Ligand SMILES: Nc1ncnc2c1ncn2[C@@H]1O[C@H](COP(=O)(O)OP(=O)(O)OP(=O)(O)O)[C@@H](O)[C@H]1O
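Just the one chain here, laid out as structure tokens, in the form predicted alone.
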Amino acid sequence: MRDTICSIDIGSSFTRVLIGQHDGQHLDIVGVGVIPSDGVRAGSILNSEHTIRALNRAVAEAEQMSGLNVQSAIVNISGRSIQGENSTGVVAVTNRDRIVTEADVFRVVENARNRRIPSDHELLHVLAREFTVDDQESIPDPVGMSGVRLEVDVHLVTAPRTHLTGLQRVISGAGVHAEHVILSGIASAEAVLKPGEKEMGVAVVDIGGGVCDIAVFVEGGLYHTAVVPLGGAHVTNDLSLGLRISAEAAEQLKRSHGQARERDVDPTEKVEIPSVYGRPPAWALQRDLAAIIEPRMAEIFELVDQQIGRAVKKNMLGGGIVLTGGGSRLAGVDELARDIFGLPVTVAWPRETGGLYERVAGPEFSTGVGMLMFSMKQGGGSSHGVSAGPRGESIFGRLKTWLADNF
């Protein structure tokens, strides 16, 4: 029996809907819908009606490709107002045999999550990093161990209620039921990281259109999350202003001739500025493009570096930095990142799946594919199409905090 699942990635630049089928072990992509976003800026929904319209079109594309109807989905969330922090919980093991049970694990996680969070925020994730039983540390699963004291380190993620309400309005407005909400950076990490990288220590940086999502893993567990409110759209805007061309022409130039480092460009190489709105084409030096792109990308990476530096020492990141997201397609972006981070840097896209993998084999699909992979690991989906619940149910009624065993 194969289950069917759906992910909705509402980004600042594009809205992506993916439909997958799985048997618990293997994932096949069966439907893909990609439409330019409207009404979204820096991960926040500013115009619900426009965003619903774009989502409806993306859903229709995925449905047509798969022959299935989307009724429920796992949905991403991002934006500078998302907050992540670490917490610790401690309980006594009180049963007669002093053996840690699942009930003890539940109690200690509940203790860790009972930190004071802002009154206008909702708890999204409670992600266990490691357990300690008496003096035995770094335990991934303590059930069955003997001891009198159980401790857990968790990472908490919260989001503003207004942000969630806006997301609920859009998803339900498109006739879809939100099964779960997941932070974009966590989903992207699920899609791109190889076995062992989390244990080595690694930072995943998803460069989107309006924001960069950061997820830092240390010794196998999620240690830090953050969102930097800059992305590829800011590079496009800089090119548009600097070259006095339309945003459409600037985006085309960035994709076809953009370079992240000016020193890597032939100073005599000329590129044609695309003709837009009937205007005749023009020419520019590729060096001029790079001179505009590099400062903005350097600023983005410096802000990311500050976030990582606040959380961990760089020698804890043996796996270095993994770049993904649409912004990581920029030529030379890994070399510039390496200059700034002083760590090994790779560009990654989703691990291979079955089905229509060629349609999602790009870093811009990491969040969407990661949500499908995460849902598969959690046993999500329905054997009767994509539906997994009644339409229109409140997102707050479905919102869950998840105890994940380090993914």
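These numbers were taken from a predicted model, which means no experiment stands behind them. Numbers follow the displayed sequence, beginning with 1.
Another form exists, predicted in complex with this ligand; not displayed. Remarks below refer to it.
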Seminar exercise, completed: Assert contact_stretch over 91-99, 324-332, 151-159, 240-248 against this ligand in the model of the complex, heavy atom within 4.5 Å, equals 324-332
For this session: May I ask you to choose, among H163, K254, K198, R129, the residue with a heavy atom within 4.5 Å of this ligand in the model of the complex?
Result: K254
Exercise. Here the chain is shown alone; which of A187, V170, I207, A337 has a heavy atom within 4.5 Å of this ligand in the model of the complex?
Worked result: I207
Exercise. At the 4.5 Å heavy atom threshold, is H22 in contact with this ligand in the model of the complex?
Worked result: no
Exercise. Could you tell me if I300 has a non-hydrogen atom within 4.5 Å of this ligand in the model of the complex?
Worked result: no
For this session: Indicate whether Q286 is a 4.5 Å heavy atom neighbour of this ligand in the model of the complex.
Result: no
Exercise. Quick one: is V202 in contact with this ligand in the model of the complex, heavy atoms, 4.5 Å cut-off?
Worked result: no
Problem set entry | Stretch 211-246 - residues with a heavy atom within 4.5 Å of this ligand in the model of the complex | V211, D213, G232, A233, T236
